[in-house]
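In structure tokens, one chain follows: the form predicted alone.
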Amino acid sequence: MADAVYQPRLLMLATLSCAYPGADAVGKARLEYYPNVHILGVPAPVMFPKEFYLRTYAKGFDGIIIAACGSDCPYKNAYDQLAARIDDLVQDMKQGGLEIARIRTTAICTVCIKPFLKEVEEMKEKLAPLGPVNREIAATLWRAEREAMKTRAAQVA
């Protein structure tokens, strides 16, 4: 019996003002794309802490695409804050042993059909040789970040 072919699970955070309409345009054009991508429309990805991304991996998503508005973001300084947060997340992933190829930020506009399709396909292809995410490593990183969040909150209070 042949082994099942690995199909990575992808999460795409798509901004409601830019990337989500772009993803919707793909559907309206009736174009097919990798079926194992879950698209979550969000006002701005900056609203998610590092803990969210690590928990996403711990729960079994193999990769995350953050499809933001880029410099066209309607929220002041949101894209710069997102970039800093993802840089910090990538450092934690490196130190903890989680492959940094599992996360990607990109700018997708409201009518960007081809870029949307390209980003999904490239992420799927990038994850294929990595195999499934190591959920134990991700869970360890997630718990550590949760504890760090509690400590930071206690210091502020």
Partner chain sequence: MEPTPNPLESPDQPKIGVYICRCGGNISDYLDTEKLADTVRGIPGVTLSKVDTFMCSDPGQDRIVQDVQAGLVNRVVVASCSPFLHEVTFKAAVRRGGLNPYLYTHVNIREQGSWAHGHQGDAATQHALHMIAGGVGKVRHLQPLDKIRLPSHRRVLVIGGGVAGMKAALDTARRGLPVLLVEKAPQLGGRSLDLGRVYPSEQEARELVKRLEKDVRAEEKITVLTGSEVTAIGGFIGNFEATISTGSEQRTDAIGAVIMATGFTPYQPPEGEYAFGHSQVVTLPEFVKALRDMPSGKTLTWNGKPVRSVGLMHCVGSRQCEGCFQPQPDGQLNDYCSRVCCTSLLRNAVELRSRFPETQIYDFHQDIRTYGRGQEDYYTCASDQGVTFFRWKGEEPPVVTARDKGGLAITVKDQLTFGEEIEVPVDLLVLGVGMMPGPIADLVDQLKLPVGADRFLQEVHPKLRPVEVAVAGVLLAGTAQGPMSIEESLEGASAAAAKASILLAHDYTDLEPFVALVTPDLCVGCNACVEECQYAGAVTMEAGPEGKSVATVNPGLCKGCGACVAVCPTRAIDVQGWTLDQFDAMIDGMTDEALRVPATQG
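Numbering follows the first chain given and starts at 1. Nothing here was measured: the structure is a model prediction, and the numbers come from that model.
The same protein also has a form predicted together with the partner chain, omitted here; what follows describes it.
Among heavy atoms of A128, none comes within 4.5 Å of the partner chain in the model of the complex.
Proximity of K118 to the partner chain in the model of the complex falls outside the 4.5 Å heavy atom cutoff. The partner chain in the model of the complex comes within 4.5 Å of a heavy atom belonging to R30.
Remark: M149 counts among the residues lining the partner chain in the model of the complex, judged by a heavy atom distance of 4.5 Å or less.
Among the residues V37, L98, I103, L89, the one placing a heavy atom within 4.5 Å of the partner chain in the model of the complex is V37. Along 15 to 51, these residues reach a heavy atom to within 4.5 Å of the partner chain in the model of the complex: L16, Y20, P21, A23, D24, G27, K28, R30, L31, E32, Y33, Y34, P35, V37, H38, I39, L40, G41, V42, P43, A44, V46, M47, F48, P49, E51.
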